[in-house]
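For reference, the chain that follows is the form predicted alone, supplied as structure tokens.
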Amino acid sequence: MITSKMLIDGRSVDSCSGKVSVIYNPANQEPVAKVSLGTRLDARLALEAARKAFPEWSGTQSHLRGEMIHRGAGLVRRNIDEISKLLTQEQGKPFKDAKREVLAAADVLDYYAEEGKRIFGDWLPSTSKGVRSLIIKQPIGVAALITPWNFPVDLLSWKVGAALAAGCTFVAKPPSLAPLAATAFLQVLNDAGFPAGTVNAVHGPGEDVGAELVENPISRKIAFTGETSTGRWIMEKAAAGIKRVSLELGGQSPFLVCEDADLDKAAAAASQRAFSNMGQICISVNRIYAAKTIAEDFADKLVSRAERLRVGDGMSPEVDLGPMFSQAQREKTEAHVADALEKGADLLCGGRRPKGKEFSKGYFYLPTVLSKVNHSMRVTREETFGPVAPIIKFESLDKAIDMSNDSEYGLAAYVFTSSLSTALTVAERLEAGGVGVNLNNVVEVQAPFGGWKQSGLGRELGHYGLEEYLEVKHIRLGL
């Protein structure tokens, strides 16, 4: 087993308590690494290091910050196999998918290395003679970055890239049960030569490390991706310090298949977005609304694709899907499927654990398609976070849109149609921060990502994400 230490003030360190936790592989429950287990004191030391480094980093010219971020991205690419292997072993996703995630994270760093050069202000006229107004943007201060286990490297890079480009220093809290790849990513990034204390990482439980990062007055910005309930808690605690908060929370994404849609493309897109990463994606397809005239044909095509997906250990090159992340996630998925079947749904495929000795120790579950689903079922109301695709038939597009919007969440939505008019009309009416038209992804590095309603607030990616780490200042000049 390897040992994963924390990163504080430019150095790899053990926790003050000396305690460690063990990370296990969800494919076979074998131990992967020992991890230093941080406390509030460790988080406080990291925040103090970030505060000490802030004047130097924020005062560095933007093009020089960009050069250093570019160097960090290059180092991440150079170490991609090592980071990706850790990611597969701790989280479960296939190695090829892990490599794509790490490469995407490096691309985000490169994007923000350039975007940081475009922090523009304004020169405004005044109503008073001899007076001018200069508007500038400056880094907000020390940022606390708290990230989840489903995409522990990629989602961290969204925050890290924007924070560094804006001139902020930060303390990251990688996910407690999957900290290895995220910490390795930050350690490699730090090797690019950032001032000591610019890049920090502290492991540990949310009730200790996370709470200190949110409540300590040193942090001026909180960026969190995770469950909606935790987001509410962060908002409440951050309010005491009037801190800037951006939250990317839960989702329950609808996927509309109109009667004029290309069913092969729609089924391929739905399969990939519902089952990849075992459905453990915030923008995963959670509800499929298919026009009544084509619903059965679409279901057949989706089932055919689901049954061809190969499940197994993520380090095996021929595998399409790895295990689920934890026993708790699998049990939640099983409970949602059982609830749907009890309330009248039909099981078209999957709905169980795979059989065989090779699956006996891991958290495996088969891709599942359900039909005859309705809105009384948990799969349509809650975020399953598992490989389940429930199908609901609709007779009118207005009804499908109403059902799509009948949710407390509003992160992503999808519509498949051959009509440009239908596409734009539906996209405008869907209550979501991102809508994919004939696509199953709403993520674009230069475009804003974030949710409506209880899916969060604030935006990541693009210049919108950069603005989250900047304060606006008005300088009024008397000539």
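Each residue number is its position in the shown sequence, starting from 1. Bear in mind the structure is a predicted one, so any value in this text is a computation, not a measurement.
Omitted from view is the form predicted in complex with a small molecule, to which the following refers.
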### Message
Quick check for you: of 219-227, 69-77, 366-374, 123-131, which stretch puts a non-hydrogen atom within 4.5 Å of the small molecule in the model of the complex?
### Response
219-227
### Query
Which residue among Arg287, Arg273, Lys93, Lys173 has a heavy atom within 4.5 angstroms of the small molecule in the model of the complex?
Lys173
### Query
Looking at Cys168, Leu86, Ala201, Leu249, which has any heavy atom no more than 4.5 Å from the small molecule in the model of the complex?
Leu249
### Contact of Phe54 with the small molecule in the model of the complex (heavy atom, 4.5 Å)
no
### Thr147, heavy atom within 4.5 angstroms of the small molecule in the model of the complex
yes
### Query
Quick one: does Phe255 come within 4.5 Å of the small molecule in the model of the complex, counting heavy atoms only?
no
### Message
Since only the chain is shown here, I'm wondering whether Glu383 would be in contact with the small molecule in the model of the complex (any heavy atom pair within 4.5 Å).
### Response
yes
